[in-house]
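As a starting point, one isolated chain is supplied in structure tokens, in the form predicted alone.
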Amino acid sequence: MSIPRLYNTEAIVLRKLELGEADSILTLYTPHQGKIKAVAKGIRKAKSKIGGHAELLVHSQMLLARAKSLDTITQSQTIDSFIGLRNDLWATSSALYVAELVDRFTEESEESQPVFRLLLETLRRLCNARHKELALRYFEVHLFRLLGYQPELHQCVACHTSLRPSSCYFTPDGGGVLCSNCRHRNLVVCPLSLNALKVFRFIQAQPFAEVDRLKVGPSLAGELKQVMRRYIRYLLERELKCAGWLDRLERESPVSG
């Protein structure tokens, strides 16, 4: 049976690269094909019919035409443009950070409806969550769970004993937490307070509605962020481009929660 040349899909635009004078190559995340790249011809022209419906961080319904190399977007209709992101520079920057994480950690054409749903829900949360920092931590933790990188938080990754209720250490290359007796087994470790460990466990186990009710002060929020940044840096062997910009923005305009 022949494969139809045209196909419909929901898509969230992760990245946009200019091509020639008026075209763009879009990196899309879709529910049934995972990450794909497609050409949007004439999208940068003032009279483009799909221009406003295929922008960065827009959730759209698209019609694409298959091609030997890159498929072509022939139609696009916005489902959600996430207006709340557009009016808040920190929220926009956070959404770009989330999009970059998905782009960096996923391979092309690997279907993952759970990743699509997590991405979509996170963009919505960044528009209206009480604690947007926790929305980012929730996204990171559950993205890693879905992709097989979930860190071990309940037993020491070296001696495999259950962790006692005390301060311990996070090791990125070990993929989890070390007890105080095993901290010297890994060269790269960072202290992990008992409160941070409890919050990470809570994020792993609870729905976001419950996580959003947590009261997390600036010091603890900073610790949670730095632990995840170190883990991401280890997994990718590089810094995320959006992370530096987001950090600078947070220093200039601190965000609560």
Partner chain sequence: MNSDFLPTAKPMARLIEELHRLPGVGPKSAQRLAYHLLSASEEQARALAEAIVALKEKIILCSSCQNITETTPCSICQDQRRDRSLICVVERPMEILALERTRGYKGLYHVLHGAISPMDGVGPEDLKVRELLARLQDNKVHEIILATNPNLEGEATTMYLQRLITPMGIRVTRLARGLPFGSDLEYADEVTLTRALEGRQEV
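Numbering follows the first chain given and starts at 1. Note that the structure is predicted; figures quoted are calculated from it, not measured.
Keep in mind that the form predicted together with its partner chain is missing from the display, and what follows is about it.
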> Are H53, T92 and E100 jointly within 4.5 Å of its partner chain in the predicted bound form, each by at least one heavy atom?
Replying inline: yes
> Among 30 to 38, 217 to 225, 192 to 200, 43 to 51, which stretch has residues whose heavy atoms lie within 4.5 Å of its partner chain in the predicted bound form?
Replying inline: 43 to 51
> Can you check whether L96 is within 4.5 Å of its partner chain in the predicted bound form, heavy atom basis?
Replying inline: yes
>> Within 4.5 Å, heavy atoms only: does I25 come near its partner chain in the predicted bound form?
In response: no
>> Contact with its partner chain in the predicted bound form for R86, defined as at least one heavy atom pair within 4.5 Å: yes or no?
In response: yes
> Does at least one non-hydrogen atom of L249 fall within 4.5 angstroms of its partner chain in the predicted bound form?
Replying inline: yes
>> Need the contact residues for 212 to 241: heavy atom within 4.5 Å of its partner chain in the predicted bound form, sequence order, or none if there are none.
In response: K241
